[in-house]
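This text opens with one protein chain seen in two forms, each one given by itself as structure tokens under the names structure 1 and structure 2.
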Structure 1
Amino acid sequence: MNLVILGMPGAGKGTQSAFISKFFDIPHISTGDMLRHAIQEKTKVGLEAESYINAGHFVPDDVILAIMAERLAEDDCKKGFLLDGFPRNLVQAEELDLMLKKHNLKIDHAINLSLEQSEVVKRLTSRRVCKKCASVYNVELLGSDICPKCGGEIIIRDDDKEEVIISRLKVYTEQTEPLVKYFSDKNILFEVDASVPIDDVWNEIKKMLEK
């Protein structure tokens, strides 16, 4: 089963991807993980991507696509995969389809985690992370700025500050939101309400995929 998961920042893609990956025993491939993997392996396109990142630039579509082709060719993807953060725009989606078609493959389902922008801002501005162990917390439930797991300092990430979130949502609306229509037109899109509790979101996804 070859899957794509979509949704605004803060919709819970990482959390639900972990559930899907474990339950269906397929690799969870996120854009960040994919880039880190290629860079760590020092592949040709990995080194090219690293040069863009080190210079503070976005990695171009053609480099991302080349890294994705390398990653999807690995053995653990033979029985399926879950893509998180890719494709990020229509160009990448169309090229992904062409890439998979060469191997008689296709995306079977796209899952869109639906959430209002106001809820995204609320969720992300309330998120705090341990600087030491990277555990994630909700500021409203924390009693201190010390991590209860490791004693590390609890901080707000730069990309969880409200002005940055608004900017990220603008980019999402312009570039990534059109993917919802793209996959819907192919009749492979599942819409899931991401405003409900995490377990309810997972149960809905599982029920749809098991069909």
Structure 2
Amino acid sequence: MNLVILGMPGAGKGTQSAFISKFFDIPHISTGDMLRHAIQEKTKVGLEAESYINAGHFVPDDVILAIMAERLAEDDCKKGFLLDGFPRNLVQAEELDLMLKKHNLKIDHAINLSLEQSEVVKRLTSRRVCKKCASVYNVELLGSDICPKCGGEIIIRDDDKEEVIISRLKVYTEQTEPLVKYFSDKNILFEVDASVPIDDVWNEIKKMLEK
């Protein structure tokens, strides 16, 4: 099963991707995680991406398309995959279709997590992440600055500052939201209400994908 998960920044894509990837045993491919890892490792891609991410802008398409072409050619993608954060605009969506076509593949379903913008801002300003294993937490539920899973340091993502969140939401509306129509026109879009608790969102997604 080849999947895409869509939604505003902070809608819960990463959170739900962890469930989907585990349950259906497919790799969770997050361009955001790949870029943050590249920044931490100070690779060429990381050095190029850092200023864009910290300003809430998109990393240039050519950089993203190159890393995705490489990632999708890896062996673990043969059993299916879940794309989180890619495609992010129409150019990337069309290029993805071409990339997959070469291997006789296509996207089977796109899941769109819908949520009010005010709730998204609340979620992002209270999000904390582990610097070591990238686990995601809510500061109100965490109660410590040590990751319960790996003992790593808990930090605030650089792009979760309020002024950067505003820029990310603007870019989402202008560039990513049109993808909802793109996938809907292909009759492969699932709309999911992301305002309910995490487990309820997951149950809804599971129910739809199992059909």
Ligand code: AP5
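One-based numbering along structure 1's sequence throughout. Because the structure is a prediction, the values reported are computed rather than measured. Rigid core (definition): largest C-alpha set, two forms, superposition within 1.5 Å.
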query: Structure corresponding to the form predicted in complex with the ligand; finding: 2
query: Post core alignment: R128 C-alpha displaced by 2 Å or more between structure 1 and structure 2; finding: yes
query: Large Cα move at V139 between structure 1 and structure 2, threshold 2 Å, rigid core; finding: yes
query: Angstrom shift of the Cα atom of I156 between structure 1 and structure 2 (superposition on rigid core); finding: 4.5
